[in-house]
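As structure tokens, one chain now follows by itself in the form predicted alone.
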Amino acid sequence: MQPRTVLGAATVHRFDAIVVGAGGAGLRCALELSEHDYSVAVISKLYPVRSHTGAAQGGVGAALGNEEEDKPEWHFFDTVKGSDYLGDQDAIELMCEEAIAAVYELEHFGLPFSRTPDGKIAQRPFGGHTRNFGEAPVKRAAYAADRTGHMILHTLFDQCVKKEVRFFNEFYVLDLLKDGDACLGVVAYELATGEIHIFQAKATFIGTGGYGRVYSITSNAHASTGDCMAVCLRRGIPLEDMEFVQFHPTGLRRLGILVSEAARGEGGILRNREDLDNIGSGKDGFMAAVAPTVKDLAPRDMVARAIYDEIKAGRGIDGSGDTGSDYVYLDLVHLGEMVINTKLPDISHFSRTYLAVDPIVEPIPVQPTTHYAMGGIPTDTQGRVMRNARNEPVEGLYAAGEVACVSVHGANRLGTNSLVDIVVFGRRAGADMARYLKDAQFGHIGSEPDAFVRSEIDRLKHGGGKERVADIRKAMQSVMMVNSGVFRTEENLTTARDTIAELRQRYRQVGVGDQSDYFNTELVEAVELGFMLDIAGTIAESALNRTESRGAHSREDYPERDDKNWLKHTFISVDEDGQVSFDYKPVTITKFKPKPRVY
């Protein structure tokens, strides 16, 4: 049993290391720490197997070469090119080399991968992954049907339970304990009781995922509200490359539920209204003209823009030209019942359940959906959090996965690389934390470390505010979707920035009607909204600041990539008065010089 005391009205826990977030990155970090003789606790807003890693469908990228020749160097090149040359090449090369061992490690942990006829881990093509530096698509995504993230999540959780890792489930981290440039732990709110808990630690890891709920149409879970990015920002830690938001090209129409790239990896084809006669034929669709070599397996940023271009040209299925409501079809009919039911069972189920569309006999209506954060808390390849663009670390603070920016995804993430990211850098962070703990000591947390959290909760519950959470959230999601989406201009980004600023003022007048302490979901949604408004502001400000088009950041008023002025990372900070400032860090380039990005 770990030391547990009471400080004021808060319960204080002491662990050598705490892991915030129980998705793939957090669980892999905790598992690595469990190999050492340190006390470790995982703190999670959700029950661990409900974490958003479970929504990842198509596969985890690694050059295993099980289906055809493949090399880590090809994976390295594809990731650099996919990032539009903004990814740091030292980190990318390391990730692609370690991906192979990471996948076999998952297999040895018991992950039930799909298999080739001779029993090897099965692999399939994915967007932007090619053989021999771009010649043609390659089968690199190791998969478990279309439930790969789900299987990774359960496998790592089972291993953590086996190693007797301590879990604090449904504890919501609301603040970071800092003393100067050192992290001393976190403050958390227990959802079941409304009690405040202080977790004091020598080393703290953050793996809490992304912020997709900032937008109205997203593939993200309801819990993906950017909490710990905002917590760090409020405690003086800058965020890196926040302008780069990935829009996955194929979400279920109007719902945003993900239709995995695995569908196109298996041969799915996007079709517009002029191509309806070819449904079920297997003939090329409009992507053949956009990316002649890889066609529908172009990277996500290019496919999402291509879909909007088709819609704006009046070739969407309903022909309205409205990117908010029009859509295209994803045609799987020619794949046949066996492939669809055995290799794509989840997305088939989603299509039938939510749209009443059976992909065996008819195409799926799809449109781009907010999917992934390329930016986040800046880290190095050991998972150490950086407090500025000069690579100076926050002592005792680590992060990995979507919440972090290492940066291996640059301006656009390739499909399957998110799962590689979490297992490679989750493990590396855990290993470095174990090294750090050998000489680390507990810091002094002061007499009222939870004062800020208590004052915020008291304001929301008892401040008499009349503004409603749902009204502000809806306005935020709408303005971000319309004005900070796939295509951007100075005018619409300014609208987004100014509107978010107004909503933040209104947020100060938010009131919570439910005064109870037990599972007060209204209070939780109010707290989440505050975090999301902070994150929305950084996205709009960073996108307005970057006057070029690169990867997922597409400025119609600056349509070209500008390597002379913008081949660099953005660090955004916000002071206590709300003033925004930027700093920059050069991109690390080792082997692959920037070139025009064509497929």
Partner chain sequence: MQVTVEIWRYDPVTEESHFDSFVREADPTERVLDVMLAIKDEDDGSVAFRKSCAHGVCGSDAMEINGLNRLACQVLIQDLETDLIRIRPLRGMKVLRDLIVDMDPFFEGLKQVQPYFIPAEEAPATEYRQSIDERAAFDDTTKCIMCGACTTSCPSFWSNDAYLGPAAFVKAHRFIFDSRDAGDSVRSCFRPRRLAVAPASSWSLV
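Computed from a predicted model, the values in this text were never measured in an experiment. Numbering follows the first chain given and starts at 1.
The same protein also exists as the form predicted together with the partner chain; that form is not shown, yet it is the one meant from here on.
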- Taking heavy atoms only, is D275 within 4.5 angstroms of the partner chain in the predicted complex? no
- Message: With a cut-off of 4.5 Å between heavy atoms, is Y308 one of the residues that contacts the partner chain in the predicted complex?
- Response: no
- Given that the partner is absent here, does G319 sit within 4.5 Å of the partner chain in the predicted complex, heavy atoms only? no
- Message: I'd like to check something about H154: if you look in the predicted complex, is any of its heavy atoms closer than or equal to 4.5 Å to a heavy atom of the partner chain?
- Response: yes
- Per contact check vs the partner chain in the predicted complex (non-hydrogen atom within 4.5 angstroms), the hit among 478 to 486, 195 to 203, 221 to 229, 239 to 247 is 221 to 229
- Task: Would you mind picking the one in R235, K474, R435, R506 that has a heavy atom within 4.5 Å of the partner chain in the predicted complex?
- Result: K474
- Message: Just to be sure I understand the contacts: of I257, L176, I445, L529, which is the one whose heavy atoms reach within 4.5 angstroms of the partner chain in the predicted complex?
- Response: I257
- Task: Decide if the three candidate residues D37, Y327 and T369 all line the partner chain in the predicted complex, where lining means a heavy atom within 4.5 Å.
- Result: no
- Those residues of 109 to 127 which, in the predicted complex, come within 4.5 Å of the partner chain by heavy atom: F109, G110, L111, P112, F113, S114, R115, T116, P117, D118, G119, K120, I121
